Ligand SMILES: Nc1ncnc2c1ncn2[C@@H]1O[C@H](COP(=O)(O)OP(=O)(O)OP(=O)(O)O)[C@@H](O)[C@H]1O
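One chain comes next, on its own, written as structure tokens: the form predicted on its own.
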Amino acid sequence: MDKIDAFKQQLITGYTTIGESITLGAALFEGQAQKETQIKIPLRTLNRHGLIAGATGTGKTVTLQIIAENMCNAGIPVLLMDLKGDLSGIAKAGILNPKIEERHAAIGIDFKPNGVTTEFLTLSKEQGARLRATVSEFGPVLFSKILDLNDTQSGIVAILFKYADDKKLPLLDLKDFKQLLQYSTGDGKEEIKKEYGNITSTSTSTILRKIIELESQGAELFFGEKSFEVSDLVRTDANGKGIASVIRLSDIQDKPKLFSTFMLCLLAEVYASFPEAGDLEKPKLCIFIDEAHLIFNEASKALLDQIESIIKLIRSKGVGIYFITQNPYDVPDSVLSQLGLKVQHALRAFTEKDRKAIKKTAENYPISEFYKTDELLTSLGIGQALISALNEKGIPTPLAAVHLRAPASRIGTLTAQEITENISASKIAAKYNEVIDRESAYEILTGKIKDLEEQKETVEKPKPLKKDEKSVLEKVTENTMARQIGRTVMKEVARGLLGVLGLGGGSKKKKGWF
């Protein structure tokens, strides 16, 4: 058997599937696509997470789109983080052109233009169904980790959550929590201290500064009602195909704190809400996180630990998570080791540091007798990638350089009018875009503080007198004056009597009186 036959046999054996699968393209041998060696990924292993990496302009976003639309066509709903604004095209059918015809002829796959049923979601002021969550839903532990608080400050947050729960104070948005913070060191200090322990103003000031920092990145738009229900992410359309939920994030690229806060909240909510599923024939949901370095670069150690824990455990809920970034090392090793599917586009070696990074990246892939992986990483063309996956038994497949298929949906963005029309037809936008501002902790505590201030004023101010009622001072003054007048009159009477008797005033005695 010659080398090319051995190559084909290895890949055909390694990528043959028993159950349903998605086809990504055909393997490359010495630069030529081999139609017989279709690279297929079993649906049942898509909840083992994945990575799409590569230098700018090598086709990462298009690969994301290829995988996502094929998942939807197989009945798997997907959630896409669209930070660059170029994933909206998945909602419309693509257009056949000579380049696509040539590519698909080379890999032996028919091209059938097709869009995916799409819902547009938003965290900001972009058009779409608004994503929100309440402060209470975060809970004290997660809320403290988002704010990067120390143990003492986290303890205070736990006390305030407990107090709010006991006193039936809804913590819906950041305004509610800020008011509770101020109340805990002001009018409510003694009440809280008596029942829950002392809270220092130094610690609450630090917590308040952290909240203001979060607010500066637009978090006030995220915290509140109506809370988004993650069950709306796992819907299918009338044809049984998965719906693609696209979160429009192009205006928060410079707000990594808000992005990481949202992602952690979403993953925690999915994990808490979804029941244990075990090994399914296909995932319930797959989440694609574009520009993943925005999460990890700004995340605290506590936040990273939380993400790592969720990544390890969420697979059992039937959920797969896929990170898209330029360099695999943007993703922490602890997370990278959990990823089953790896799609590596070309890397560029301009410096010695780049070359070292490429050699290190090559070591993450299975050894192949047909490829020199480190050299291949710098010579891949646009729309080509190295792929390593898991077969249906969970065993890593042989390394394959793949000539990828083209997306069946549109490459690029929708027009503003097309997005508006899509949102107008949405089945969930009206539900989540309704503004709800019910009475919560802010209003309740504001009223309580007002009542306490009025009580203080009542105690400090004297009661207003009735028309015929005299004050104590007036009574005392009148009594004093009466006594003074009485004494004066008595003195004058005494003087008069003594004068008559000849005993007063120092007058001389008259002769013959005794």
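Bear in mind the structure is a predicted one, so any value in this text is a computation, not a measurement. Numbers follow the displayed sequence, beginning with 1.
There is another form of the same protein, the form predicted together with the ligand; it is not shown, and what comes next is about it.
For the residues K167, K312, K189, K84, the 4.5 Å heavy atom test against the ligand in the model of the complex is passed only by K84.
Of the residues Q326, S154, S245, T361, just one reaches the ligand in the model of the complex with a heavy atom at 4.5 Å or closer; this is Q326. Stretch 398-406 is the answer when you ask which of 69-77, 140-148, 398-406, 421-429 has residues with heavy atoms within 4.5 Å of the ligand in the model of the complex. Using a 4.5 angstroms limit between non-hydrogen atoms, I411 touches the ligand in the model of the complex. Residue contact check for Q38: none of its heavy atoms lie within 4.5 Å of the ligand in the model of the complex. Of the heavy atoms in L43, none are within 4.5 Å of the ligand in the model of the complex. Q455 falls outside the set of residues with a heavy atom inside 4.5 Å of the ligand in the model of the complex. Contacts to the ligand in the model of the complex (heavy atom within 4.5 Å) from stretch 57-79: G57, T58, G59, K60, T61, V62, I66.
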